[in-house]
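Okay, here we've got a single chain as C-alpha cells, the form predicted alone, with questions on binding and movement later.
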C-alpha cells in the first residue's frame, strides 16, 4: 500500500528540527546549510525538506524520489530501477541530479532519519552525475528509536567524464536491522568513489554494493571504515566489474571488531577486459572475543586482466601499546589512539576541508563510545 506524504510535516530549514533529531543528524555528517550545495531530509516515511543553495541553482536538483518520478517521465524509462529491479512499494527517498559540466565545490547532503518505534523504512534513491559533472555527496542514516529496520536502494549513474564521490555514514542501535542495496554504472572517463563509515553498528547489517565500470578509462573505488562492538553482526562487501578498456577498481577496508561482534568483509573484483586493473585490500583489528572473516575474490575472465589482493587480521601488537604507555598513556588510552590511527579517513580521497570534517565526526563518535 502506498504511503501518503504528510505535507504538514514539511519544514523550511534544519533549525526547525527537534534538538534530539538535529543532534543525531550532526553525528552522521549533517552540516549547516550554508556549508552545503544542497540538503535533503527524510523523516520516517516522507521527504520533509529539499533545497538547493542559491550558489548552485541551475547546476543541480534535489527532491523526493516520488516527486522526481512525477516531474520527469523519462526517469522511469532511462534510469529508475535500471540497475536494481523490484516492483515493491517504497517510502520516498532522494533524487540528486548534477547537471552537465557542473563543478559543485560544496558537498550535497541527504539525511535519512527514523523516529517511529518499529518502523520499517523502505526508500529508493537515485543519483545522476551527468556528462562532465563533478560533485561530492554525504548521506547520513540514523534513528532515535528502538527496534527499527532500514531498507535502502540506491542507483548511481556516473556519465561520461563525470566524477562522483559518495560518502555514507551510519549510526544505528543494537536492535536495528539494516539492508542497504546499491549499484553504480560508470561510463567513459568517469570516476565513482563510494565511502562507507559505520561507527555505531546495527545488530544485523548486510550490504554488498557493486559498480560496473562499463566505459573506457572508467574507475570505481570502495572504501570502508567499520568500528563494530557488542553483539553486532555485519556482513559488508563490495564488487567492481571491469568491462571497459583501461578500467580500474580498488576496494579498501579497515575494520575494528570489539566485544563479541562478528564481521564478514567481502571483496570481489571481476576483470572482463584484457586492459583492466584492480586491487583489493582488507585489514582488521580484533579485541576481546570478536571475529573477522575476510573473503577476497578475484575473477579474471579475460587474459591480460591484472587483479591483486592483500589481507591482514590480528590483535593490536603489544609492543605498540607498550610504546605509547611509555609516553604517558594508560593502556586504554593507548589502545584508543591506535584504533583512531587505524580508522584513517585519508583513504577516502576527500578534499582537505571535507576530510577534516569527516575525521572530526569519526573522532567525536569514538569518543562517545
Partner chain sequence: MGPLLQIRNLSVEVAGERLLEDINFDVERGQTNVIFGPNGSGKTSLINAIMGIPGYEVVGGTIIFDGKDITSLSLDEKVRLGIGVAFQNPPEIRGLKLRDMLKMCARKGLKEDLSEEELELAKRFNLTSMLDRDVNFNFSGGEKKRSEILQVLLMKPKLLILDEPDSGVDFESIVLIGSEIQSYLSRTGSSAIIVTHQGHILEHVEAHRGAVLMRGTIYCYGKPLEVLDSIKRKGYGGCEVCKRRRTRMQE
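Quick caveat: nothing in here was measured; it's all calculated off a predicted structure. Residue numbers count along the first chain shown, from 1.
Not pictured, yet referred to below: the form predicted in complex with the partner chain.
Judged by heavy atoms within 4.5 Å of the partner chain in the predicted complex, the contact stretch among the candidates 301 to 309, 338 to 346, 30 to 38, 49 to 57 is 338 to 346. At a distance threshold of 4.5 angstroms between non-hydrogen atoms, residue 327 is in contact with the partner chain in the predicted complex. With a 4.5 Å cutoff on heavy atoms, residue 315 does not count as touching the partner chain in the predicted complex; it lies far away. At least one heavy atom of residue 320 is located within 4.5 Å of the partner chain in the predicted complex. Residue 283 belongs to the set of residues with a heavy atom inside 4.5 Å of the partner chain in the predicted complex.
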